[in-house]
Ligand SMILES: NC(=O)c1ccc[n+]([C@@H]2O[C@H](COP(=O)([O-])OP(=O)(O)OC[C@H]3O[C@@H](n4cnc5c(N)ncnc54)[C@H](OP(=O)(O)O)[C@@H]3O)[C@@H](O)[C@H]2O)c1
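A lone chain, given as structure tokens: the form predicted alone.
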């Protein structure tokens, strides 16, 4: 049975991924900051683990609890956005630091903490959630400064990771969910279930040759 660990699995895209992968027969581990507030995730049958991926001690504790357990796919899904409408002069330093801690440090910290678990598995895959907002070439309307910066930095980081880890047999891929109707988007956009169905298809089809790609839920490469 294939296994997947999904961070930020208590709501939105992460919760639906836990549901759909579980329904497809995968063993699902969902991480959340507050396990006592994860009733919806618990109903999917996923195993729940506590994690604040922006905190090194929390990552170390998770790695210790999962020591020796093969995990086929580690999916760094957790992400935040703050004031998406803020102009360049309105982006606060504290906001930028908070967004980067979750959207950039969180994924690389999670991948490194669980690298041995991934290497012990069959699929050997680490994924982070990117966004069209990460694209420099596709940015034709501005705004979303801290979120864009964090996702563009994530792209650069995952590209470097792919160049280092692909030789060890680890597929390092970024995925784009599309503009999805979640709390982050004010419930506007693509239905969550439709986006996640596409993401699941992409994950199931990933091969080592896909390492370094940024792939949309529709299977298309995302411009950078």
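Residue numbers count along the first chain shown, from 1. Small disclaimer: the values here were computed from a predicted structure and weren't measured.
The form predicted in complex with the ligand exists for this protein as well; it is not shown, and the discussion that follows is about that form.
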So, a 4.5 angstroms cut-off on heavy atom distances: do all three of 4, 117 and 174 pass it with respect to the ligand in the model of the complex?
no
With the partner removed from view, which of 164-172, 38-46, 51-59, 65-73 is the stretch that lies within 4.5 Å of the ligand in the model of the complex, judged by heavy atom distances?
51-59
Decide whether residue 182 counts as a contact residue for the ligand in the model of the complex under a heavy atom distance cut-off of 4.5 Å.
yes
Answer with yes or no whether residue 129 is in contact with the ligand in the model of the complex, where contact means some heavy atom within 4.5 Å.
yes
Does residue 110 reach the ligand in the model of the complex, with heavy atoms at most 4.5 Å apart?
no
Even though the partner isn't displayed, in the model of the complex is residue 13 close enough to the ligand, meaning a heavy atom within 4.5 Å?
yes
Give, in sequence order, every residue of 99-113 that has a heavy atom within 4.5 Å of the ligand in the model of the complex, or say none if there are no such residues.
102
